[in-house]
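Take a look at this single chain, the form predicted alone, given in structure tokens.
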Amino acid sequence: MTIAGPSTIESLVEAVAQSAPAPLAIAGGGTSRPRPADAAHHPCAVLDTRAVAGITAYDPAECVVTVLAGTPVQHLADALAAHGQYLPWDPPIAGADATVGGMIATGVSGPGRHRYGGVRDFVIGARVVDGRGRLVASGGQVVKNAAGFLLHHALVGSGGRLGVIADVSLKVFPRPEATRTIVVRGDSLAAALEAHERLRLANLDLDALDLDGPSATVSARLAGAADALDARAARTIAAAGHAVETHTGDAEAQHWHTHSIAWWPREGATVKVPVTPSRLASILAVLAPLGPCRASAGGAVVYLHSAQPLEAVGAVLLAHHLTGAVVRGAEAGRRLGVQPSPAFADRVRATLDPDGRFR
């Protein structure tokens, strides 16, 4: 069954409370986890959060915004752009249907994570509806130091298993004055890995550094003052040690768009695998037989898209002492490979969802 889509935080709280203790599936835009094709026959109630949308507070001078979870990511990005600001971690799945709540629950960061950190580093507060229909607040709407357990950070990458995100407060940044992307197209993956390593170690203050395995393409983005980019680009080209292409403007935007994981097919699963940059070559050799891979954040994470059964993917990860999280696909939120100690996570879930409602 589908629960009537709430449009306010109050009605969201009421919908969760009134449906207790029935199992509950949270449905956002369907870009990370497909929406049920037939909610009437879904094994648990489906809560559509897309109507709980809108920006409730925004102070461009303080670079802080509070937004309801059902708000499209693109709507938020457009509102920030009007004030010359943006989401520095470059949400990679930010199409017309992707929601802010889904962005937080999935926890996927884009190329900008290399310089600025991931989405978790920008979440300063959130409110979530727990399994009993209680509205729980964590953090706030100002940037400050905090001690103790930060629930709003735990929501990032939680896959909707801790509760229904109601709203979130984010730090945002001024958009750089200018950007430029240097592209190395290797004649083999080994050549691309060599260029990637040279750029990673060259102390170039790169805005982004990604490697696409199937096309053996390395993309290095520079950002900052326009009058400094020529000299910085020259140093980057010299460090690459290969022939390069240089992209700016619309061509640059298109390059990053087509090299986003959002372009991978909806069939199969996308798995995020944290890695050590110095082991990138050996880890890609392990993962590439499972499907196409893209390394991001200077080789600190690999995204694998695989059509193989998740049990087979998990077995490979486990054999090589790797952990992974499904971030796109029917089982988004599932953990694979080496599992972290569940004791603390289980205590958090038991506190927020004592009846085990969220699926």
Partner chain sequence: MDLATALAAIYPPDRLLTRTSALAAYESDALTAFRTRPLAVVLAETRQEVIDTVRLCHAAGVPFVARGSGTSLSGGSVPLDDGIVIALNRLNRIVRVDPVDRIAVVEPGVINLDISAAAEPFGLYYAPDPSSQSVCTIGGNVAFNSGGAHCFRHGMTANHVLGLEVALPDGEVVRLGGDSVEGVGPDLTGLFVGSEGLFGVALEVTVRLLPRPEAYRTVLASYTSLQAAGDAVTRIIAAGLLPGAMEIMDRLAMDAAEAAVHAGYPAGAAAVLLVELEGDATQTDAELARLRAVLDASGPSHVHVAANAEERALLWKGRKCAFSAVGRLSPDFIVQDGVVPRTKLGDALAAIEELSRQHGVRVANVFHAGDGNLHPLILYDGREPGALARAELLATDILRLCIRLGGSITGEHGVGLEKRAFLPEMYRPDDIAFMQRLREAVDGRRLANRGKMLETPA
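Residue numbers count along the first chain shown, from 1. Remember, predicted model here, so these are calculated numbers, not experimental data.
Below, we refer to the form predicted in complex with its partner chain, which is not included among the displayed structures.
Here the chain stands alone, but in the predicted bound form its contact with its partner chain, taken as any heavy atom within 4.5 Å, falls in 270-278 among 270-278, 213-221, 252-260, 69-77. Contact annotation: residue 174 falls within 4.5 Å of its partner chain in the predicted bound form, judged by heavy atom distances. Contact check for residue 331: every heavy atom lies farther than 4.5 Å from its partner chain in the predicted bound form.
Residue contact with its partner chain in the predicted bound form: residue 11 places no heavy atom within 4.5 Å of it. Within this chain, residue 238 is remote from the site of its partner chain in the predicted bound form, having no heavy atom within 4.5 Å. Here is the short version: of 55, 300, 315, 290, the single residue with a heavy atom within 4.5 Å of its partner chain in the predicted bound form is 300. This chain lacks the partner; the member of 325, 27, 310, 45 within 4.5 angstroms of its partner chain in the predicted bound form by a non-hydrogen atom is 325. Residues 81, 189 and 244 are none of them found to lie within 4.5 Å of its partner chain in the predicted bound form, as judged by heavy atom distances. In the predicted bound form, the residues of 337-359 lying within 4.5 Å of its partner chain by at least one heavy atom are, in order, 341, 343, 344, 345, 347, 348, 351, 352.
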